[in-house]
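Next comes just one chain, in structure tokens: the form predicted alone.
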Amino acid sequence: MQSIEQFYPLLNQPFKAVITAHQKPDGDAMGSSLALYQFLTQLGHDVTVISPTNWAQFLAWMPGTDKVIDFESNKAKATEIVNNADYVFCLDFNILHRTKHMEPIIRDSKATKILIDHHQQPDIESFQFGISDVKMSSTCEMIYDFIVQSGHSNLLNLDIATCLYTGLMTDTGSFRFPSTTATVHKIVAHLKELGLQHAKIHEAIYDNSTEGRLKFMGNAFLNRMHVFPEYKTAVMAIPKTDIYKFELKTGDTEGLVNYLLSIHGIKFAAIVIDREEERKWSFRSKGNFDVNIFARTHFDGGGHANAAGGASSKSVDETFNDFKNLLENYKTQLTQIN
């Protein structure tokens, strides 16, 4: 994989590009995709953002979201666009299966693939250009650098700033995670100078719940939460019946796992949710307990040292029991975390 700097001169030549991110894109995935879309469009390129799946309604307000194509709803059109693209920008994921059913379309495309991501252990053989930096707070931070370092900081505008801030905010836990460096705050200061209204973004993301979502969360804390103080661990197991009962939509379970880390003394948090095709795990941790390694070892997943995901083909009860049985193997490591 060639460095991202080697791609910069190619920005001066007209091209057709597709921008995509991981399935069920979050604030960082959607924010980085839309920011890059608006930047490349200003340079005169023919650009389309294709999401592998639908996305949360609380992201629908973002500038340019109305132009994003949902691959699962428009497979023929999306496939044709990918097949005719010169470049495919792959944001906020580093292995193609994270794009779900888009994986073979991207893999078989003759387009040059460009990686911009901050997760561990990238599949660099799948990309011709790119950058993978786990020290970055978010992919949005990396897109900001892409724009500035390629010599086009003059093209940063309010719409780009809005999209970038969304990813910076959500992937840093509203700037409380250790990944929030001084550089992140300097970027935010620059975005504010461009006219960014940060309070409106916080409101759009965090003050946009349905009644059903709040009732679901209350039920989850009351009936689905299990705390294992001897392992400094808390976990939730959400059955499919809860999804239907409370009429949850995409994104309604976003961030729920983080609440478990707010319990006094808890250093390892997990949640498993029964989806249609599989059971999806989310893992969070404090200190030096590496949930990326945990997820890769036991649940066919990965991510960051303190935030990762995984999956299981077993039932909710079965994979939950597997999780509980694994805790004894990590007791020493977990109990030594301050």
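Nothing here was measured: the structure is a model prediction, and the numbers come from that model. Numbering starts at 1 and runs along the sequence shown.
The next section is about a form of this same protein that is not shown, the form predicted in complex with a small molecule.
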Check: Using 4.5 Å between non-hydrogen atoms, is residue 98 touching the small molecule in the predicted complex?
Finding: yes
Notebook entry, point to check: Contact between residue 284 and the small molecule in the predicted complex at 4.5 Å, heavy atoms?
Noted result: yes
Notebook entry, point to check: Any chance residue 300 has a heavy atom within 4.5 Å of the small molecule in the predicted complex?
Noted result: yes
Item checked: residue 310, heavy atom within 4.5 angstroms of the small molecule in the predicted complex -> yes
Check: Is the small molecule in the predicted complex near all of 224, 279 and 324, within 4.5 Å of a heavy atom of each?
Finding: no
Next item on the list: Consider the chain as shown here, without its partner, and state which of 113, 119, 213, 267 has a heavy atom within 4.5 Å of the small molecule in the predicted complex.
Entry: 119
Item checked: Contact residue in the predicted complex, chosen from 233, 94, 166, 138 - any heavy atom within 4.5 Å of the small molecule -> 94
Next item on the list: Using a 4.5 Å heavy atom cut-off, indicate which stretch of 302-310, 64-72, 30-38, 44-52 touches the small molecule in the predicted complex.
Entry: 302-310
